[in-house]
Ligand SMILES: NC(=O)C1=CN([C@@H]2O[C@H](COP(=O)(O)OP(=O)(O)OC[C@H]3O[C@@H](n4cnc5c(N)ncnc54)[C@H](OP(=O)(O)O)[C@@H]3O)[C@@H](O)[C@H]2O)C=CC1
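Only one chain comes next, encoded as structure tokens, the form predicted alone.
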């Protein structure tokens, strides 16, 4: 029923050039090849026409299966020049008239997902643009559903999160108005007070965006999807596809390249990861349900894994390690140096030093050989990213999923198969292995034949890391001995004890002979 529903429809997707948007287009075109048109809002880019950008998207590996069922796929995509930073999204009158006259379904996926984004920019993309899109949607006579992609972490200041819209202390309209006249210095000063106990501007502005939908949605049929940490594909169109470095993908890249040996995390905290194809399947099912059943109120659907099929950060880290080094998961789990997940303040700062100092030394080497130093910049960026992720990898949340489970029960057996969003069927060890290999193949575009060589490179980097840490420890201990009589006494006691133990074993072996 869902596939048939989208056939003949005119669909508007914002954020179609992003990770979620691409997977959504692929699924729509593959399962409903007779849809009328997909409008995508594309920001103009210097040196590239809109059509060239569309061809670039459709010529990727992701759309190979689509071209088999929909050979004229390029004719199904209508790119519209737009800019979410501008008034009325900078859409021309002609394009606006076409959208108003034909659009049946809106999927609003566009957003800034940067955790450290300036509040002004985050408000513009996540709040103001949503408000303007709502205004446009209210003028569409044929519109059947408005589906908004939010985040499960919009209310991460709460431990248990229900499928309701929670209010923020300050009204969205006041925030939007203030961003127009306050200068950056004042905004920087008031940002911590505005976001309160939320960790960043991203989660705060996504919560504001939901309030805008509640307050200004009017008579529109609106639904909100709240996915947690969106990762690579699980099954569709094939396992492991990823083209975004956000979320855990950046950590996988850093660990795989040997830059990252440990993170400060809580091993038993739930890594609420959700494959992108499950998110899209749920979103398309929600689009169908919202348009056909027209619920009396705005329904929120949590797309999370922690309640139904939890995977912990410790388990995820060891499986990543097992995939890198081609060893069984159980062996990786037992390894004493598998410190992917540690939660110790001393370890945290020791790691910061042991990451930065080798980077500085390597940059000195690059400078001496006439090359541009870059490692310190890469390492500082990585450590800054880790700092922003610490909030999420040291906590667990509980999300209610009543609406999501209700929707699953409303689907026919065939729709449950084609638009599967049941996370309970997911095998985490298999998924993470495909995720890691997908990062190498699809994101980094590296030859899979080079995996053995990459593993040897990783081992060499690991050994260098251990040697450096050992040298750093010995230098620190030597300085401590030089300055402290207590440390000297401890050192002499250890050396004397080891010498006596060795003498004892030698004497014992002689007596046996």
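Definition used throughout: the rigid core is the maximal C-alpha set that superposes within 1.5 Å between two forms. Residue numbers count along the first chain shown, from 1. All figures in this text were calculated on a predicted structure; none of them were measured in a lab.
Not on display, but discussed next: the form predicted together with the ligand.
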Would you check, heavy atoms only and a 4.5 Å threshold, whether residue 83 touches the ligand in the model of the complex?
yes
Residue 287 within 4.5 Å of the ligand in the model of the complex, heavy atoms
no
Answer yes if any heavy atom of residue 228 is within 4.5 Å of a heavy atom of the ligand in the model of the complex; otherwise answer no.
yes
Classify residue 420 as contacting or not contacting the ligand in the model of the complex by the rule of any non-hydrogen atom within 4.5 angstroms, answering yes or no.
no
Give a yes or no on whether every one of 19, 110 and 202 sits within 4.5 angstroms of the ligand in the model of the complex by heavy atom.
yes
Looking at 36, 43, 488, 61 here, can you tell me which has any non-hydrogen atom within 4.5 angstroms of the ligand in the model of the complex?
43
Could you tell me which one of 150, 233, 104, 155 places a heavy atom within 4.5 Å of the ligand in the model of the complex?
150
Pick the stretch from 161-169, 216-224, 84-92, 181-189 whose residues have a heavy atom within 4.5 Å of the ligand in the model of the complex.
84-92
With the ligand taken in the model of the complex, which residues across 118-140 come within 4.5 angstroms through any non-hydrogen atom?
125
Shift of residue 56 between this form and the one not shown at or above 2 Å (CA, core fit):
no
